[in-house]
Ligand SMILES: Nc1ncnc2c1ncn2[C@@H]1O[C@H](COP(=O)(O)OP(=O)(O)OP(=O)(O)O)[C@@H](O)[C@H]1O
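Quick setup: one chain, the form predicted alone, written in structure tokens, and binding and motion questions come after.
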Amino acid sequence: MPDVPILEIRDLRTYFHTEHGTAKAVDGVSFSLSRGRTLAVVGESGCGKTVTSLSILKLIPMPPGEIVSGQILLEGRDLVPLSPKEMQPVRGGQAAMIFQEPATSLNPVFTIGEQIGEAIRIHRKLPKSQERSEVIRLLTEVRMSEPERRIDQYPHELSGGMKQRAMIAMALSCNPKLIIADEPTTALDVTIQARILELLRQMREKHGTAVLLITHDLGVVAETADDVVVMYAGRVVEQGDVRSIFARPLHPYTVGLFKSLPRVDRSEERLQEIPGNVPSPTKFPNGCRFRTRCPWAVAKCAEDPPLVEIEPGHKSACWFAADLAAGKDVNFVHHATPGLAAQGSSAGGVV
């Protein structure tokens, strides 16, 4: 019998109803994540990465937000129809989230020990006498310096890296099967960033936890991910294992992301860029949503390209994916369709 994925998202649509119209922040997203693997969801700000992650734990503010349709299966159980009360044991107990900014995610009026201990009391029902020793054990596991002292400190007394370690300890406190890490290394220096990523890797290997990593940093993806989902304008435009995506991207948007990265192996006067901006989620263009910025855009791109398997395990939603697979290059220096990038490319929307 095949192994059931820890997480499976099927045709998820999360919309926000605003005075400017309906923002289709997540519009038909599907992917799965297996035990012990890390799936990275990448894309520019405004592509729907964070909304996807918040939808999984049903943390979308309603109203104005709404999960319009689709399924979110956690070990085969659909979370979408669950009530707030039914979701309580899921959050923290079965799936936990490491938020983007620990300084604003931790409560400033409670100590680190009190906040980690609360999750243990609610989900694991440990007696008060064992709570403190368990919190110290968790802080030790995430390599917090002087855990016996840190447990009684408040968030403002800790550095950024320490706060993030406390958030990871909180996420691990109930042995969840799924950890969602939303930009876990934002605002951390490169040394602390490397330590946090190594810590997440060790936790995954030790506990067999599945990790959903939300990031825009392709260097982090290369270092930590097994599989990659590339999102643009609320949709998945490419997905596959990390080696395939990095060796041969099969969507012009993914190609543009790689071409915009600085390279240490060659000298360039100017970095290449993807022209224009991510369109507003209330004003997505018809057809391929990247076509207003794409150097290969033609009349056929006004038709919606399906997400199809181009190579084994490697999918792309582009009419030219087969050409990219054949080795044809996409040039982001000279736009192939002058003026097209300026059409319908107002910035903004939900991240």
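Keep in mind it's a predicted model, so treat the numbers as computed, not measured. Don't overthink the numbering: it's just position in the shown sequence, from 1.
One more form of this protein exists, namely the form predicted together with this ligand; it is left out here, but the text below deals with it.
Comparing 302-310, 47-55, 319-327, 28-36 against this ligand in the predicted bound form, the single stretch with non-hydrogen atoms within 4.5 angstroms of it is 47-55.
Proximity of Pro281 to this ligand in the predicted bound form falls within the 4.5 Å heavy atom cutoff. Glu183 belongs to the set of residues with a heavy atom inside 4.5 Å of this ligand in the predicted bound form. For the chain shown alone, His216 is a contact residue for this ligand in the predicted bound form, at least one non-hydrogen atom being within 4.5 angstroms. Taking this ligand as it sits in the predicted bound form, the stretch 56-86 comes within 4.5 angstroms of it through a non-hydrogen atom at Pro61, Pro64.
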